[in-house]
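The chain that follows stands alone, in the form predicted on its own, written as structure tokens.
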Amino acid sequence: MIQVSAASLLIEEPYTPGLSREYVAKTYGVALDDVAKLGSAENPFGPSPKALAVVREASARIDIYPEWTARVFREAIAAKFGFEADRIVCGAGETEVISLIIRAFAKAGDSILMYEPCFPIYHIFAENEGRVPIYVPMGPDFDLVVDRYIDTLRKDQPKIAFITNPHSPSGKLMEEADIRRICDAAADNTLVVLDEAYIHFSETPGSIALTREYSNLIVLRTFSKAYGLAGLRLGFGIAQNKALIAPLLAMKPTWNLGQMQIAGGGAAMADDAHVEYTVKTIVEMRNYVTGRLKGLNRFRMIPGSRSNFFMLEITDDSLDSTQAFNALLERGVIVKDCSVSFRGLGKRYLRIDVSLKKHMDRLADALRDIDSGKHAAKG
């Protein structure tokens, strides 16, 4: 009989992905093209046409093993940011790189620091690997109280300290000076992991360059958001300190990226025009939806998002996040119910993507219906 040790027992808290457009269309009788999918932070324009063309071409090579370190892709990333390829590790999504980091730099029983709320994969992976999450509460309107984070960092000296910038689910952006403060405050045996999954939408270059100054810093990026390749599964970690990358390369699954991932990632990253158009549109729509949601009585938009999503607070005590989530589904709008997607938020918040104007209008109209107590209309 197989025995399961206490250290390997699974935490019964799965990641909760956003619902599909097809499910909502079928369940609620809304035309598929009218469903506003605003719960997964995906690129509404999809991937670069150049990336799609290269992926199709690479499909002719799926009978052949790729180079096991995805060297061509790593070299493309290195050239983009002015690094050497051996300073980069690639994964099947940024989430795979996160799992490798937790296994490589923290052993069972070690602590891992993060804000609460945070990207749930941090604590789900940590707990299922027998590591111990330490949470730093955020301030009013989810302000990043950096002094509180640094105090906890110094007191507990965790093996790993996660920062998401812009933060998820709030979209708040941490200033680079504060990232420096965190790196300076970290103990010699603490790895600072800066997750820049949504950095393009902040209209800043991000802080990859800081890895040249801090040997305890690794930066993560994904191709699921601005590059529109969520279904291809691509991400990477980059650090000037090769000692942070070498163990990740050694322990990753041998062929964790396939031919189409390697080819598509490089082509997507080279298409600056596609990314710039995506970011420009999202920033414009972020401002647009902010205006459209003013004046609601039962909802309040949390200010200050610099990402491709924002948080909505439910201010009416007679309505909770799950009720609001379901009421929006009935109106063909998919969002994230923060009570099931993010630990520590209770039932007062939704996270909502910024997308195309027609989807922002459908969201705003649906919220005004709910705000006024109207029943849902199909279609």
Ligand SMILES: Cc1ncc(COP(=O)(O)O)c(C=O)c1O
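Residue numbers here begin at 1 and follow the sequence given. Everything numeric in this text was worked out from a predicted model, so none of it was measured.
As for the form predicted together with this ligand, it is not shown, yet the points below apply to it.
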query	finding
Interface segment, criterion being heavy atoms within 4.5 Å of this ligand in the model of the complex, picked from 210-218, 225-233, 271-279, 242-250	225-233
is_contact(Gly93, this ligand) in the model of the complex, heavy atom dist at most 4.5 Å	yes
Residue contact check: Ala197 to this ligand in the model of the complex, 4.5 Å heavy atom	yes
Gln259 within 4.5 Å of this ligand in the model of the complex, heavy atoms	no
Interface membership of Thr164, this ligand in the model of the complex, 4.5 Å heavy atom rule	yes
Non-hydrogen atom within 4.5 Å of this ligand in the model of the complex for each of Phe119, Tyr122 and Ser168	yes
